[in-house]
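This document starts with one chain, in the form predicted alone, laid out as structure tokens.
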């Protein structure tokens, strides 16, 4: 049973991690495409329109990859997690069906019109199609996170005699206190990813002295969007999300922060340390006294419960993984703020486009928003364990009892091989689009 559960979780973790590499760019990029098209309508300067069409090609490629990798992920609800689907399908089926029927079709339909319908529609209607692509991608994220939020903090439900969950308050699903902070935090994180991608491509053009006009536009747009989103993802949305965890999942919060023992007189915030689960302490820690209490409750001496206050059977199943995922996310987020602030200072001084070390830095940072987004989701998912539906349905109760660990391992290896090929194909196609670059007055 343990082997089966391990491979079930590994397969879902791998497929969803790979899948989310693509939506996290498209959601943020859709907003920037709308911005470029809006700037063109206001200024009538062709480079803004060409920038919008160029990035929509990258969007379309990411969208296609997201569809291809998303379908096998959802199939696992019926294969590896059939019991979970049977018990909770009356609730999560609502939001997942809405995401597929409304958001996905809205996004995909108007994506085609944006790519191929500019001459037929005219620029104003072309802008509308771009806006609807943006709306569809953000609505998709909202409905997915509504599903996730219900699993983290279940509301508006009742449990029937046969153990099935049914929805008795539809409004509660979308007024869930977990939903709004999680959604805003996630969407801003996706804007960070798109900001670094756009600025990295612009830096590449400037360093190679090709498409320099677009290089300047991409770098400027990327760092301005980047500094705003980097600050907002930390405060207020990151702060709001962390306080939600402290309020509704205190055992998760203790594990995230590495608090093994409740401390009187205020809790310190750990900057560096290694969780030692056997001895229930942090090794080699560097901490600042009382700061965590102040950030969480606005009181320097507020008490935060340690893991010693909870039953061990309710501990997150992978405390070190949760702790490191959370601290990597926070650490990278802090670095993003610093880099984007520095880039904006250089932009204000009119030196950014010729500051090679800054341009190289923007290129070097390209993969790190993907890492931060991934570890952010790992924090949420590892933090909920050992529950599929927090405090109601354990992970062990949701796995399919008839799917063997051997079958799951075999298909996991198949996914790894197939996704490796898909990933290489994606990089080749994206590289070809970027190398060709946008063209002024292109048809």
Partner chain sequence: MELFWYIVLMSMLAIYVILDGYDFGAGIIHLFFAKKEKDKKAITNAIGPFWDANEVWLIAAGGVLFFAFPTLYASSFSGFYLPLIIILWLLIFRAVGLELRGQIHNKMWETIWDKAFGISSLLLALFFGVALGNVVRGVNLGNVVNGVSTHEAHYFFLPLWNPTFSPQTEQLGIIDWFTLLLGVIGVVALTIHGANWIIFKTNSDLNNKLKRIVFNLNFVLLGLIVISLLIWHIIEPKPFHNFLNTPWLWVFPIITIIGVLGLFNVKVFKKDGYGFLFSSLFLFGGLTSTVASIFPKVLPSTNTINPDLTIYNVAADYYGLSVGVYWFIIAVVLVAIYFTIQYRVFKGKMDNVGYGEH
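Here the structure is a predicted model, which means the values were calculated and not measured. Positions refer to the first chain, counted from 1.
Below, we turn to the form predicted together with the partner chain, even though it does not appear here.
Margin query: Counting any heavy atom within 4.5 Å as contact, can you tell me which stretch out of 323-331, 197-205, 266-274, 167-175 lines the partner chain in the predicted bound form?
Written below: In short, 167-175.
Check: Within 4.5 Å of the partner chain in the predicted bound form, do 74, 108 and 400 each have at least one heavy atom?
Finding: Spot residues vs the partner chain: full contact, yes.
Notebook entry, point to check: Might residue 120 be said to contact the partner chain in the predicted bound form, defining contact as any heavy atom within 4.5 Å?
Noted result: Yes, residue 120 lies within 4.5 Å of the partner chain in the predicted bound form.
Margin query: So in the predicted bound form, is the partner chain close enough to residue 408 to count as touching (4.5 Å, heavy atoms)?
Written below: Looking in the predicted bound form, residue contacts with the partner chain include residue 408, since a heavy atom lies within 4.5 Å.
Check: Taking heavy atoms and a 4.5 Å cut-off, does residue 96 contact the partner chain in the predicted bound form?
Finding: Residue 96 belongs to the contact set for the partner chain.
Check: Quick one: does residue 419 come within 4.5 Å of the partner chain in the predicted bound form, counting heavy atoms only?
Finding: Result yes; residue 419 sits at the interface with the partner chain in the predicted bound form.
Margin query: I need to confirm a contact call. Of 256, 92, 191, 145, which residue comes within 4.5 Å of the partner chain in the predicted bound form, counting heavy atoms only?
Written below: Of the candidates 256, 92, 191, 145, 92 is the one lying within 4.5 Å of the partner chain in the predicted bound form.
Checklist line | The unique member of 338, 236, 112, 367 whose heavy atoms fall within 4.5 Å of the partner chain in the predicted bound form | finding: Selected residue: 112.
Check: Even though the chain is shown alone, can you say which residues of 68-90 have a heavy atom within 4.5 Å of the partner chain in the predicted bound form?
Finding: Heavy-atom contacts within 4.5 Å come from 68, 71, 72, 74, 75, 77, 78, 79, 80, 82, 83, 85, 86, 89, 90.
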